[in-house]
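One chain is shown next in structure tokens, namely the form predicted alone.
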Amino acid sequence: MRIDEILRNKRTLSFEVFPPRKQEGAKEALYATVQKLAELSPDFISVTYGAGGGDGRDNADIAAHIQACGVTALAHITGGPSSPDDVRRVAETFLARGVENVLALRGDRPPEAEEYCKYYQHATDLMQALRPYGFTMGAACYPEGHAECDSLYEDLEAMKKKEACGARFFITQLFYDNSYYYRLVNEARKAGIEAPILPGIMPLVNVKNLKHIKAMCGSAIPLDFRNSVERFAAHPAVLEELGLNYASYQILDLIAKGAPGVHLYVMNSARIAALIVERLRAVRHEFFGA
């Protein structure tokens, strides 16, 4: 099913997984994780793109497995490392596997990659190349502003261009201060951006998550929460409980204030996803719809 159609009819709950490293049994382990995630009845599951570009076979295989589990798949395509031939092969592979939803991204530019973005300088360039294939396209956005933009308002101009190029929904970078999300939505609507903006939440449940956040996006972590995380960093069970409770609070607040859904970055952990869903059981029944 096309994700823009789902969003027209209900508030969504979705998860994100990423292709495993080339280790024996890793793909089978991910397939088992996808099956467990599917049992939580998400509205869709997204799968990120391989860091090296390529032909998209792994992503297409994973997306096809997601759909075989009875869940709509959202397959990422990253333009930065890709050539036009790569994009053509990926698009054709996705269509052949029945994938109809894609998240079109430029991708983070590695400092040492001189050829990165050789063909697709911006996500909008990639989106233009994908339009003939008929995908329902989503795009990324950044509650705290993109690292390469001088201000949120410069980033909003990029969002407007993405919507004009076919973005039917947006998914945010992860954040821990909901006020950034509310500011983004308010300013986006003032700027004339109409597409749903799904908040991206990653439960901070271990020290590895904290390091990943710093390296990936540097999202601001509210001082009280950060103090608690650092205080209990050497106590894994306590830190996990703290992170699950904080993520649940974020989601409750977002839903109470009208977010069109929630996208959970679960770092390939079906267990963490299940613990969050369990905490939100009553809320999901009341506010997420059938």
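From a predicted model like this one, the values you see are computed outputs, not experimental measurements. Residues carry their position along the shown sequence, with the first being 1.
We do not show the form predicted together with flavin-adenine dinucleotide, though everything after this point is about it.
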Contact check for 78, 124 and 172 against flavin-adenine dinucleotide in the model of the complex, heavy atom at 4.5 Å: yes
Contacting member of 185, 140, 71, 87, with respect to flavin-adenine dinucleotide in the model of the complex [4.5 Å, heavy atom]: 140
One residue of 204, 99, 201, 104 in contact with flavin-adenine dinucleotide, assessed in the model of the complex (non-hydrogen atom, 4.5 angstroms): 104
Counting only heavy atoms and a 4.5 Å cutoff, which of 175 to 183, 88 to 96, 189 to 197, 151 to 159 contacts flavin-adenine dinucleotide in the model of the complex? 151 to 159
In the model of the complex, residue 48 touching flavin-adenine dinucleotide (heavy atom, 4.5 Å): yes
Would residue 146 count as a contact of flavin-adenine dinucleotide in the model of the complex, using a 4.5 angstroms cut-off between non-hydrogen atoms? yes
Quick one: is residue 265 in contact with flavin-adenine dinucleotide in the model of the complex, heavy atoms, 4.5 Å cut-off? yes
